[in-house]
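Take a look at this single chain in structure tokens; it is the form predicted on its own.
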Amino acid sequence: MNSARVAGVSKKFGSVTALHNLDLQIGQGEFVALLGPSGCGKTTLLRLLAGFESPTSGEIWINHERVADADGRKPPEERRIGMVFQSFALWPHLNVYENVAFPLRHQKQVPDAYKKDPRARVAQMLEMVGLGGMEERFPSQLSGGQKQRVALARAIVFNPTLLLMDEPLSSLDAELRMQMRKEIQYIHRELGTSIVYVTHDQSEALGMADKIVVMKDGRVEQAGTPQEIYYAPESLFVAKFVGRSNFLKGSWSNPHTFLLDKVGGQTQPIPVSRDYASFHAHRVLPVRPDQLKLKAWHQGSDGVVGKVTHVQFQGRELLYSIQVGEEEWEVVSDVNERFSYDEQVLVEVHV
């Protein structure tokens, strides 16, 4: 069952095409992250879902109802959507209760129980976001994290079908961002509302979403689970943009064997367990740092030989830079497996 569907949607601003014939399904209760660099179209897509813009072509459906096409659109207040912005967007002259209760008066589809007893519903939402008892405070009396919690409570108070979040944590400090991630995930589990979450922070997308949609130049580059996006990228862009990747150079003897170029013109066959068809023409194999394993080298060792050029301690792991021929590979290793600068090592590839 779909909460929302984007079907063949394009959006032009004058001569600039921001979205190209986009298709996207957002399942009931699904947490979808739109991930991509600035200017890729993710915020434009969010504004189309919200009802702030109309598509140039194509259709947008929410809850099995067509809410937008090239001929017109339903306004935001008739779509039963909640929105959380990067800027909080709280009314400074209204206290916390009045800010959170605002949608209960102005949204078209609000359950009767919430309209009859708005104070109880607002109190319930403030408890959920950790602001119980703060109804009488004004935004000027709140910290950045508290303001974002108020914005979140306001967005979910009327039980929206779809919750749209546009870079909601980017103005918060690192520790607060981690805390708010947990709280957004908790709210998602408790309410079961479908969420579309715009971010350019790959760790946010990987850590929170059920599905990640990687966008580039107004198109969907790849959509899949965080695991699929990370370990099974379908393009050079996805492999580069999401997480770190080593691009091993060589050739493909068949879809399941990559022939790694070695020093002296030799090749090392590397078995691969999945389809890397989109990388065949580029003559590379994308490998994440944690898909490489280092072993001690000794005279007569056969395999891929490298030299340690840099080591960074990362707490539970070590990040190595390994010189392999003319290339430098990044390898993540357990802290118990230590190698020294300039030490020769064997590098195993596990993909």
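Every value quoted in this text rests on a predicted model; they were computed, and no experiment measured them. Residues carry their position along the shown sequence, with the first being 1.
Beyond the structure shown, there is the form predicted in complex with a small molecule, which is absent from this document and is the topic of what follows.
For the options Gly27, Gly325, Gly303, Pro37, the residue carrying a heavy atom within 4.5 angstroms of the small molecule in the predicted bound form is Pro37.
In terms of contact with the small molecule in the predicted bound form, the residue from Lys249, Lys115, Arg244, His200 that brings a heavy atom within 4.5 Å is His200. Only one segment in the set 313 to 321, 57 to 65, 41 to 49, 287 to 295 has residues whose heavy atoms sit within 4.5 Å of the small molecule in the predicted bound form; it is 41 to 49. None of the heavy atoms of Tyr341 is located within 4.5 Å of the small molecule in the predicted bound form.
Among heavy atoms of Val335, none comes within 4.5 Å of the small molecule in the predicted bound form. Contact between Leu22 and the small molecule in the predicted bound form is not found at the 4.5 Å heavy atom cutoff.
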